[in-house]
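Just one chain follows, in the form predicted alone, and it is written as structure tokens.
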């Protein structure tokens, strides 16, 4: 089928659909929902058999859904209507939630239902639920509907979203529903409200006398004090007292348009400097089991700023001092890594200088992994990875990846950024120069099937958080005790010596950084403009031609 993905932005759900539909042989193109005329033109150019609206903020024009079947991914159970479905589900403490695939009609969220799925709700931020449960359910719904349409179905199995006249539309979850008062609110309410708004737009709170939006909240057991007062700091986070305990706030931004979301300790630098240091906020963690070490680094949104990279490098070197045979790098559950921290770069006095410091800091981590010769290393992608974060994963001897993970092995969408992290060494050595050039030029997201075909991934992990954790431990311990461990280690050492003799690692880094220095300090401001727009959520004025193949003279295959 010819399928047009219509979306407000090319988000994680849309990327997963893009990956899975292409894997199944469908011709897929993307159009960002910029305005009605652009949508009409996209339908005219691509002539799709089906439009899937995976993430919209407004209605599809009537003359579009009357011309071609349009299926809307609604992140709510059957009968739910409105723009804040998942937000309300978290605020209301729903034990189960779901996704409904609704055909577009005149009345919003009230059309015939082609498929639906439900799932138990985890205690997790909205953004995590969306990337995991909602995305998985949406994919199942879309595949079910496509199968029905390909089998000849002309009408949806269910007449409307509830099988009955549509219920009233639930309102937009607004400021009044997301406002906190830490001097009055209990811990459970604070966590629930922040989780309902995490990702965007954040919960409203007053911290240190300033109106802010807060994100990345976690319990702070063992801490207590005068409600509303700051108690301690831990890495990027600050702990604040509630009426019955305390919470860690990891990130915050000023309350207003186009503000930067920053680590709380950075936004309140002067105030946090006076606080005592405590432990308890989720940070870099190291554990061992039967000859295997496990290094986790759950950086928020996968962003690795200069100091985060330095902290990770120190933790990695400490792990190398331990008597293990295998070192497993597990990133975070929601993200492996997305490379440089663009928000901290944007907030710096000199974004160019901070970009330079950040890329060098992450390069130092990559080099340390590549040069580890006394044990085997494994990168475990439990969550999505992109740009330099993906090449960080390739520095290890093996890559294990969840079937749900989407990777973006390219940089150029960020203002034609060249990239480093020894990518010119790591990627061609894994996939060959032809595939390396294709991956970085096409700039499409990549799923597990393509990663396996290219030899980028050596193990597909099972579904589910608990199942993945158990599989990682089992495989790592087995690798540490494998009968051929010595032979594998010797082969690794021989390859590294041969590669270094052919061209030193320093040569790859020097060449990459020469190009990146032009991105940061040169006359072309594209990188700085793209970063500014991305961080401040300024919508694109057009769909990139790499995604909107119906607008490109060149069709990527």
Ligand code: COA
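Since the model is a prediction, treat every value here as computed from it, not as a measurement. Residue numbers count along the first chain shown, from 1.
If you look for the form predicted in complex with ligand COA, you will not find it shown, but the lines that follow are about it.
Student: Let me test this: is every residue among 87, 178 and 332 within 4.5 Å of ligand COA in the predicted complex, going by heavy atom positions?
Tutor: Per the other structure, none of 87, 178 and 332 touch ligand COA.
Student: Which pick from 408, 372, 196, 272 sits with a heavy atom within 4.5 Å of ligand COA in the predicted complex?
Tutor: Contact with ligand COA in the predicted complex is made by 408 alone.
Student: Sort through 323-331, 458-466, 233-241, 413-421 and report the only stretch with a non-hydrogen atom within 4.5 Å of ligand COA in the predicted complex.
Tutor: Flagged stretch: 413-421.
Student: At 4.5 Å between heavy atoms, is residue 386 in contact with ligand COA in the predicted complex?
Tutor: Yes, residue 386 lies within 4.5 Å of ligand COA in the predicted complex.
Student: For residue 300, is any heavy atom within 4.5 Å of ligand COA in the predicted complex, or not?
Tutor: Flag for residue 300 set to yes.
Student: Going by a heavy atom distance of 4.5 Å, is residue 379 a contact of ligand COA in the predicted complex?
Tutor: Looking in the predicted complex, residue contacts with ligand COA do not include residue 379, since no heavy atom lies within 4.5 Å.
Student: Closest heavy atom of residue 11 to ligand COA in the predicted complex, within 4.5 Å or not?
Tutor: Answer yes; at least one heavy atom of residue 11 falls within 4.5 Å of ligand COA in the predicted complex.
Student: Need the contact residues for 118-138: heavy atom within 4.5 Å of ligand COA in the predicted complex, sequence order, or none if there are none.
Tutor: The one in contact is 131.
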